[in-house]
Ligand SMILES: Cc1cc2nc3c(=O)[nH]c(=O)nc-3n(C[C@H](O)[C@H](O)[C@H](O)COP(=O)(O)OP(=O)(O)OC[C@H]3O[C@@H](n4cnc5c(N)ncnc54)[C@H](O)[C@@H]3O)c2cc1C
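Form predicted on its own, single chain, as structure tokens, below.
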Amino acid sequence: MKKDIIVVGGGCIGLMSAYCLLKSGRSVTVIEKDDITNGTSFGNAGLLSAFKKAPLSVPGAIPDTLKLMLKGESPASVHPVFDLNLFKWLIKFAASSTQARLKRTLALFERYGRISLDMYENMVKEDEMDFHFCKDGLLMIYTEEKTFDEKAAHCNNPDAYEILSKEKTKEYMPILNDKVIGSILLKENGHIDPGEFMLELKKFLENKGVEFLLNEEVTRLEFEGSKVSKIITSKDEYEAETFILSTGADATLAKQAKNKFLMTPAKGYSITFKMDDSLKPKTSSLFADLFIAMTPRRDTVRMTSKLELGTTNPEIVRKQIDSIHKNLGQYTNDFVKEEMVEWTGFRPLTPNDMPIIGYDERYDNLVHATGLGWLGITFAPAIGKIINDVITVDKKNSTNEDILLFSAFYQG
């Protein structure tokens, strides 16, 4: 029997799209090649960081990264491979790192960050989900005097910022040593536990009738005229009125529809561990000059870092894990990490921080929802809402203002 809507991909964007479509009365099937408990959404830091925090493509990103490379502290690395798509991505990234685009991106982030925060709050209050939702800010910790002074000079809104001395910063994160310069609390941000969120959302969707086909990989799209006629999986084949591709960094199916999205897989790492409660960060924190995030959870702390481009190796590389510990250790006192769990995965990264969302330009029943990089958890609710609206209300990209504003399809 022909299905209504099939979502291919069970990450946070896929599940939030299913959630919003379900709320609109649509019948949804989610097909995921794994069991949803080991994807990029599960390895996420859980930051809800849309407010006042610079995106990746910020002016000075390239020279700042090169400087950190010389110090041996850089979170970013580009593997020396011949990859034309990666080369084009890097050129576009450099061209996107301008002050004019930064101003626009920050405004868009706040618009869709607000929608997402409000939706997370409603999911807790109205749907009675529990995923450790905290609206207690994001602590930006600085290890370089220059970057701290530059940021602090623009923090003139006491409702949005609080500038903290070195001593006050240590109250938020007791493990810090005296090499830290200070910090700025971005008050409007927050965090969740991404693993708890994914499991709570899946349970909610299943209880409301969403069908999950897990450990089933979609291998091929079949086409008939201007439509996707069916999809072929490792177990079966399915027809549907509408197909949503939410496959993260894996562009295999999008390429079958003749798309050549300027998106690259960015490999990142997380380390989850237990530590003395008295030493745990009081809120989610980001070492701004090192790109290391630390997020307190119910019983553990998660640390995330690294941005590897030009690799498809899915294995944990020991030197990358060691580098995270080493870089953090320069600015913290010794502390014990117990029951460490290491993870690595690939984020779908566009060169201008804009997601790839909306109807396919060739096939009018195919919708794309990917490209959020490490901001998937930050914007997942808003993206789910946009996907629902363009499918159930607008029927096309050109009449949906959010697609026009926020989709990479319209960002040049």
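Please read all numbers here as calculations on a predicted model, not as lab measurements. We number the residues from 1 along the sequence you see.
Quick note: we don't show the form predicted in complex with this ligand, though the next part is all about it.
Undergrad: In the predicted complex, does each residue in the set D34, L47 and W374 place a non-hydrogen atom within 4.5 angstroms of this ligand?
TA: All of them do, each having a heavy atom within 4.5 Å of the partner.
Undergrad: Please tell me which of G268, G137, G195, P265 lies within 4.5 Å of this ligand in the predicted complex, judged by heavy atoms.
TA: Looking at G268, G137, G195, P265 one by one, just G268 meets the 4.5 Å heavy-atom criterion.
Undergrad: Just give me the single entry in M294, L253, A288, V228 that has a non-hydrogen atom within 4.5 angstroms of this ligand in the predicted complex.
TA: Contact residue from the list: L253.
Undergrad: Just one of 147-155, 272-280, 239-247, 202-210 has residues with a heavy atom within 4.5 Å of this ligand in the predicted complex, so point it out.
TA: Comparing against this ligand in the predicted complex, the contact stretch is 239-247.
Undergrad: Examine I13 and determine whether its closest non-hydrogen atom to this ligand in the predicted complex is within 4.5 angstroms.
TA: Taking the distances in the predicted complex, the answer for I13 is yes, it comes within 4.5 Å of this ligand.
Undergrad: Any of the heavy atoms of V218 lying within 4.5 Å of this ligand in the predicted complex?
TA: Yes, contact at 4.5 Å.
Undergrad: Using 4.5 Å between non-hydrogen atoms, is F346 touching this ligand in the predicted complex?
TA: Yes.
Undergrad: Quick one: is S97 in contact with this ligand in the predicted complex, heavy atoms, 4.5 Å cut-off?
TA: No, S97 stays farther than 4.5 Å from this ligand in the predicted complex.
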